[in-house]
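We give structure tokens for two forms of one protein chain below, kept apart as structure 1 and structure 2.
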Structure 1
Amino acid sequence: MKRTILAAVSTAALLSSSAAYAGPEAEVLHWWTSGGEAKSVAVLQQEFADNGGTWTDMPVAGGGGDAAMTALRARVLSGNAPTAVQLKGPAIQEWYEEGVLADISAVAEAEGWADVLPASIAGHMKCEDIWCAAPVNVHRVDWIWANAQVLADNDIDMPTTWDEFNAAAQKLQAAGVIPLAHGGQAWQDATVFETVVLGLGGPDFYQQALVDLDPAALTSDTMVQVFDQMRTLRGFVDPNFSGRDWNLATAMVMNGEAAFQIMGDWAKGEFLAAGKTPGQDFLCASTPGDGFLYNVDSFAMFAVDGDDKQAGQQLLAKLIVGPSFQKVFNLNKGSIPARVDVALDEFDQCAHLSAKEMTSSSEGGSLLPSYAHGMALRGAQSGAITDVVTAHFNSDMSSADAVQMLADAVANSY
């Protein structure tokens, strides 16, 4: 008797749990936990709730996403992937190849993503022919930031070629100012390196060397010149740069200790947070040379079971690319919207410059993925290049040796 009741109850429970549709649900794994970033995620969370969804937040901080990736691996291995995960660049396709991503083409086509996203950025959101990720923002990496007062005092204009930069830096050095604020961490070395590759080699060379990994480009004379310039830049950095965090380097520019910093536009957030005005206290310009290196944050959608989760996924994807979220989020984060049709009235002049050059370089074919920030290459290859760049920058290795080592490291990384 007892047993029958139990069976009946559990059957009812099973039935009701599969029948009940609780509305859209999403569990979101991300590592935006610091001030401005956390605020930006809260915007998305709010919009999701306003549309009737239930958001389960899964923030995993630490190690620039390493900790989150470890958590993700464990979740996927146990067959219980989160709905959406903050992922970017070729890592999206790498996860797709593991067979765990969902197809969100229906949303993408209904919302007309192909028309509002620049083609090369849209490419990152596609796995083979289907849409599998939603872009959040576009960070530009090839920025050079300067202290306006220091430049004015020393009668220097924003450099437009690397030779001009070197001349300006020598002048600043003579005047007792640190020309280049830099933090000696591998990814920062790599950030400077890729802007030099773009500046000295041009967009085509950048594409061949750091996207296609063409051995001829990697061992070319241009690459030797790039390493020569890196050695020159090493001379413009203060001796105490090892291990310094990027925001401390930004602070050096802010308080006039140093003149320039080469860093993506998250540095702008630091300037703004300190109450500085672009164009007045600090200057922004693209690093010498043509082109635009982008670092696009995005959410990859993982295959999940259940109607409510799938509905949540669709809703999330729609909201992420929606104009209102793109605007509010990027105002908080310092980047620019990934979609090109968002009104930029409330954005500052650096963002305007960024948006203008994104459109023009997209048309000119020089809108390129940043290798230093995991947009151009898979982890093993970009890591191999970074090893060589940072080894060269932090030693007295000759440029010819570095070029040889670069080609070997890339060949050894497959």
Structure 2
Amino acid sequence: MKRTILAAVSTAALLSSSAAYAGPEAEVLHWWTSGGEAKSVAVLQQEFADNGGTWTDMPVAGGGGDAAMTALRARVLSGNAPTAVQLKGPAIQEWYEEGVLADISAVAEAEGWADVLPASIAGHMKCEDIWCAAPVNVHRVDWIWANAQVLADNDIDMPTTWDEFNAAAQKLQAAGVIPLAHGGQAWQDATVFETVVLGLGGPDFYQQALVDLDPAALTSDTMVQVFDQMRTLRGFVDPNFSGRDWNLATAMVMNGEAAFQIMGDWAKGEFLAAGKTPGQDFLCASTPGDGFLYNVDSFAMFAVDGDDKQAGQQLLAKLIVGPSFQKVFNLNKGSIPARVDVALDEFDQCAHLSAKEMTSSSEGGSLLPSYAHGMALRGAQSGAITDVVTAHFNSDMSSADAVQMLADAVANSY
């Protein structure tokens, strides 16, 4: 489809022509509906209103965003795209290729985004040579969360290897505690899977298997071991996990019903929203192994008609990457700012650990995009992998059969 990219209009020009329109407007499609997430998006709504904007909220429940993407496609196909949409990774470029994204380069250049965003993150926000999305944060995916009291009561330390995790889980199971809080949804299965790939195979193997889709890596003995560990983890999950939302699994850790959860640091937002203190009520650590899997939330601006909506896009983009919102939002959300110049003085110990390890991983070449959260692969390839992971997790399929199915699914996804 021929690109119909919206011409960039400077924020100053738009906001000075108030006589021509009622003011900046934005209809925002997102999937931030849980406690910590809803509190976070409310921060942006308030800042938008404080700057004269009118916000129309379009939340679509579903932690992985699948339902939101279905709603988005219906809106775009009907010729009625939202003003701004929570979108990330290769999906941004896919929508750009359909000719429906707006150019927000005027804001990016006026605000100096290139100087305050890490190059790898800035790369996700660009479509060819234009800025087409605004980053909100950096989430780390490969976290393990624990109930501090449950571990203390059972004389268990935070595991640093998968063997240690398995031993701790067996001990907890014998004590009548659910070792692993998990929700039986495809994206949650994929989240656990990619942390195991990184932990058992290492950063280079992760890159080969889940970014490059190297057939040799996908069919390797290491991948067999990954599925073996996934089968072991399945044994540590309670029988009522099917269909459980991720934040309900987090609540199981909060209330001591379960000991651990493997989930990105949006889980920390739930703990904090419930008044829990890191290091005291709950513990955080990277999942066993080296590396850092990132998931960057961002908003893409869709081509829309009307000065009001275009002004809304420009204002929204400016606020999203502004230092004030980056700080306040990420304090609520559990993530760390996408900007590198935001002081972390008010952030908790988990955020400091995340920022420190993001820097060291970046320097060491082990800062890697999350496949499970749409940062590494396009939809067809990502979906093919997740289908196999979920099929294996919810059946008695052997690891060898899963590896062969994985290689075939990826090969057939192009």
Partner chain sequence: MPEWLEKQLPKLVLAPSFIAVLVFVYGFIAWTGWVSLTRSRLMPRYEIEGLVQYSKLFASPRWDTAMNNLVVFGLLFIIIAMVLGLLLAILLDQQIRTEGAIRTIYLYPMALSMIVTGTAWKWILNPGLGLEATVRGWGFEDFTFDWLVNPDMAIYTVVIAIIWQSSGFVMALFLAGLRSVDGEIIKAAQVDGIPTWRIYSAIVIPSMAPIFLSAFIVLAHLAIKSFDLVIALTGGGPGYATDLPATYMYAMAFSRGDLGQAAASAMVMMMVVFAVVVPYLYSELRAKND
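The first residue in the sequence of structure 1 is number 1, and each one after it adds one. Heads up, when I say rigid core I mean the largest set of C-alphas that superpose within 1.5 Å between the two forms. Remember, predicted model here, so these are calculated numbers, not experimental data.
As summarised for this chain, the first structure is the form predicted together with the partner chain, and the second is not. Comparing the rigid parts between structure 1 and structure 2, the hinge point among Val138, Phe236, Ala249, Ile156 is Val138; every other option is more than 12 positions away from any hinge.
Rotation of the smaller rigid part against the larger between structure 1 and structure 2, from C-alpha superpositions: 19 degrees. In this core superposition, Ala74 moves its Cα by 6.7 Å between structure 1 and structure 2.
Core-aligned Cα shift between structure 1 and structure 2 at Glu94: this is 2.5 Å.
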